[in-house]
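So this first bit is one chain, no partners, the form predicted alone, shown in structure tokens.
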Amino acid sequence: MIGHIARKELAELVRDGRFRWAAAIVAGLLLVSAGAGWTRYRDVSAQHAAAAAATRAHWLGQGEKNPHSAAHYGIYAFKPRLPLSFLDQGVDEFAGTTVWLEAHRQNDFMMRPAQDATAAQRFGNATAAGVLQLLVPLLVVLLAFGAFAGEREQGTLRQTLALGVSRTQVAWGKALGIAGALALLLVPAALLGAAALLLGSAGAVAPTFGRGAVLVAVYLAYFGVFLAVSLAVSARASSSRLALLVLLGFWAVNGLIAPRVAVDLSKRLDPAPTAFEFARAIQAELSEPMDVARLEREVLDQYGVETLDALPVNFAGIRLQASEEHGDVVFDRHYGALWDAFGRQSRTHEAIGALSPLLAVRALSMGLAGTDVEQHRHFAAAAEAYRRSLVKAMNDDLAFSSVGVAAYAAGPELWESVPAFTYEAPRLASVLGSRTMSLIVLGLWVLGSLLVAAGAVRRAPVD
């Protein structure tokens, strides 16, 4: 009986011109946004690869010079884009993916597309994730609001129940029919996405498909929440018009109001300094002079000599490295506090997900796409660790290889001794571990919506 109801519901939806037009619009937007994201992913990946090769070649071909000058010459580091980022660009458009690594400074990220975009461009920068998070749930609402209320208004619900069909069977049949209609839209999109991942993943595709499989499960759970809520409201509403009004209100709160409230509340609870305030605070601490006299005494005592000229090392290199380490303490304190503030803001977003499943899904989507704040911090930490190792290698060479040389200059051997920068993104288990709260919130939404739907269907009025 459930199968008969599902086939009947699917047939009616497919024949309905309103569904065909709505599905065509959503499918078109999904295709265009995913295609644009895919093109951008391929272009940016190619540009990063070419730029990384070029900056490495510049480093190796810089010629003979003082090692500390080479540290100031520096090198660029580029955050690799994961294949799933074509679906959800996350914070990359705002935080940047390129950083200049040089001596004495931990620089901010550059190349932020949102920084140069106009207000109209930002509004029009649609992504596949945005379509899945906002428009597909709206389509679910439009398909399901009359599932019970419409049948009741037409008088067919009483006839169906008079045949011995239970309300639960009707609900399952309706749910499967609506899910089948959505599958006509989403299954081809998922297949195209899988093909895109297969074509775009460099090396082993298992990690990417693992993330992709979890991402599919997350969005299916999200659509399931809207389907269950829609059936519950339709079962209890006195008319299909009232059911549509209530569900549109739920959709608006979930997709339009709750995200804005989450942003404002998180910024109020855990404010972060402005870029100007942050830079000024760091500069104020860096301007405090280092105790060079104390460093001299420590080095002289370490080597058991009386004067700097008697040292078996070049004190200039040691002093430069000590200055680096003094600055590293300042950077760690300020950047650590900044990242912690961003982390608390992210957790506030996730907690507010109890009022809006979209917030939980958005956090999981960005995490699986590799474009959330946590993975941006992971890359920033890797780039900073590389910067410090590069600068230390230059200062150590100056300290231990230039003793007794008036105008010391290192050559290609030193530049080649510094390995190229490489980065490995966090594994899936690590990503999910950092998104435990969102997983729990989404799971509670699924369980709660099913329980509410079951209760509402059992008490659904016939007339």
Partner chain sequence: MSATNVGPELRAETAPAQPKGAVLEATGLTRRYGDLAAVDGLDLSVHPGEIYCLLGPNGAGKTTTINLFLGFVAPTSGSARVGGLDVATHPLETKHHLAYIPEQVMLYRNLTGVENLEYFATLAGKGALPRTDLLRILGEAGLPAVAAERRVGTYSKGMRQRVGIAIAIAKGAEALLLDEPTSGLDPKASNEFSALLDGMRQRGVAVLMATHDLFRAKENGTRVGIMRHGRLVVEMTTAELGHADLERVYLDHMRD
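Numbering follows the first chain given and starts at 1. Given the structure is predicted, the values throughout are model-derived calculations rather than measurements.
If you look for the form predicted in complex with its partner chain, you will not find it shown, but the lines that follow are about it.
Heavy atoms within 4.5 Å of its partner chain in the predicted complex belong, among the stretches 220-228, 156-164, 350-358, 80-88, to residues of 156-164. Think of it this way: in the predicted complex, its partner chain has a heavy atom of just one of E384, E151, E374, E324 within 4.5 Å, and the residue is E151. Annotated contacts: H72, A284 and E288 are all free of its partner chain in the predicted complex [non-hydrogen atom within 4.5 angstroms]. The closest heavy atom approach of K8 to its partner chain in the predicted complex falls within 4.5 Å. Taking the partner from elsewhere, H4 is found to have a heavy atom lying within 4.5 Å of its partner chain in the predicted complex.
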